[in-house]
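Below you will find one chain, with nothing else, as structure tokens; this is the form predicted on its own, and questions on how it binds or moves follow later.
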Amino acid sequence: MGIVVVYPGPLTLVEDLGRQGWASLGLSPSGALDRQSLRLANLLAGNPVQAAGLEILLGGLRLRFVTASTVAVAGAEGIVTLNGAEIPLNQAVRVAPGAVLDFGAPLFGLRYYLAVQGGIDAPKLLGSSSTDMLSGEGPAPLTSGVQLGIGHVSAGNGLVSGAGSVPGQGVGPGAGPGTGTLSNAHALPPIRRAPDPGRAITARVDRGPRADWFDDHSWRRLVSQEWTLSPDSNRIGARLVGRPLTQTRLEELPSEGMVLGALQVPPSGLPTVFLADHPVTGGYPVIAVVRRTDLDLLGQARPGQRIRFLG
């Protein structure tokens, strides 16, 4: 076993890019809420983008490495230390045997993503190692004392260590001479800063299949007011608080298939954006769908964060 979990933090999960196309079996896509950050961390660590990593909610995770490795942390921004010394984010870092990696509470964003060279070795279900919090499928949330294996996946053209590289020193963008270079056939995605909790997040939406169940004022209200992310939000959905939307058609709606990003409106008029672990069917009308490229931002939004929809 390559890694021992000393403290798991509030919620640390094994996640990859999810399992697509299994709604007929009642399984949501699951996977990382901030897919771009997991992809970036994997590429920096020399992995394929779909390799399994760790999604770390609000920090608090402490890991002890039994074997040497290379790691990269992306997503939320906060203090991450290796043997007590702060390490850079969005860079590859060498980790020596016995080293301890600690995640502090994030200052920006909500979820860190840790990639380990070789990927986290976890059982697969329908091609994915992702934890699904709704169905309970996939690896269990990490607990103290759990041992994690490190896999052997490789991008085939990932990290190239320089002669002067040393454990714990950054390798990749911004690394100094003698610390090695990062050569990967996949272009690194841009490093997107985690959302500032004091500023509104903007997410683009398209009209949903039941937009005609609401009056025109409701659509304008949806895309003109600032919503607030509720503390009741989780990996299943982002619950929003604001001025309620008004449904004009009140007949019962049979359960329909739901997609990632669906903005479903219950009788309260307060919408919920379905995230990675969403149910595959629902009986409330969907007024809009958040574009896939903007869902990563919602995965990093904090309770109380202001959210604007652009449509």
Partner chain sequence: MWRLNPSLEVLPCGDSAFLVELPELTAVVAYYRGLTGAGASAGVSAPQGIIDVVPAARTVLVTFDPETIRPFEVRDWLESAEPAEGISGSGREVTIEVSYGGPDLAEAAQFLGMSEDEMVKLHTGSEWTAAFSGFAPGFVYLVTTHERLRVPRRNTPRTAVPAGSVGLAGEFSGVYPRSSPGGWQLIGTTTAALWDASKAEPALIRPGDLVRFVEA
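Residue numbers count along the first chain shown, from 1. Bear in mind the structure is a predicted one, so any value in this text is a computation, not a measurement.
In what follows, reference is made to the form predicted in complex with its partner chain, a form of this protein that is not presented.
Interface membership of Pro88, its partner chain in the predicted bound form, 4.5 Å heavy atom rule: Pro88 lies outside the contact set for its partner chain.
Its partner chain contact at Ser135 in the predicted bound form, heavy atom, 4.5 Å: Yes.
Heavy atom of Gly237 within 4.5 Å of its partner chain in the predicted bound form: Although its partner chain is absent here, Gly237 would stay clear of it in the predicted bound form, with no heavy atoms inside 4.5 Å.
Partner contact for Arg302 in the predicted bound form: its partner chain, 4.5 angstroms, heavy atom: Looking in the predicted bound form, residue contacts with its partner chain do not include Arg302, since no heavy atom lies within 4.5 Å.
Contact assignment for its partner chain in the predicted bound form, among Val49, Leu270, Ala68, Val259, heavy atom within 4.5 Å: Checked against the cut-off, the match is Val259.
Contact residue in the predicted bound form, chosen from Leu17, Val289, Leu297, Val14 - any heavy atom within 4.5 Å of its partner chain: When its partner chain is considered in the predicted bound form, the option within 4.5 Å is Val289.
Heavy atom distance at most 4.5 Å to its partner chain in the predicted bound form, all of Ser24, Leu27 and Leu125: Checked in the predicted bound form: all three residues contact its partner chain.
Interface segment, criterion being heavy atoms within 4.5 Å of its partner chain in the predicted bound form, picked from 135-143, 224-232, 111-119, 68-76: Only one stretch qualifies here: 135-143.
Partner contacts for 209-225, taking its partner chain in the predicted bound form and a 4.5 Å heavy atom cut-off: The stretch 209-225, when checked against its partner chain in the predicted bound form, contributes Pro209, Arg210 at the 4.5 Å heavy-atom cut-off.
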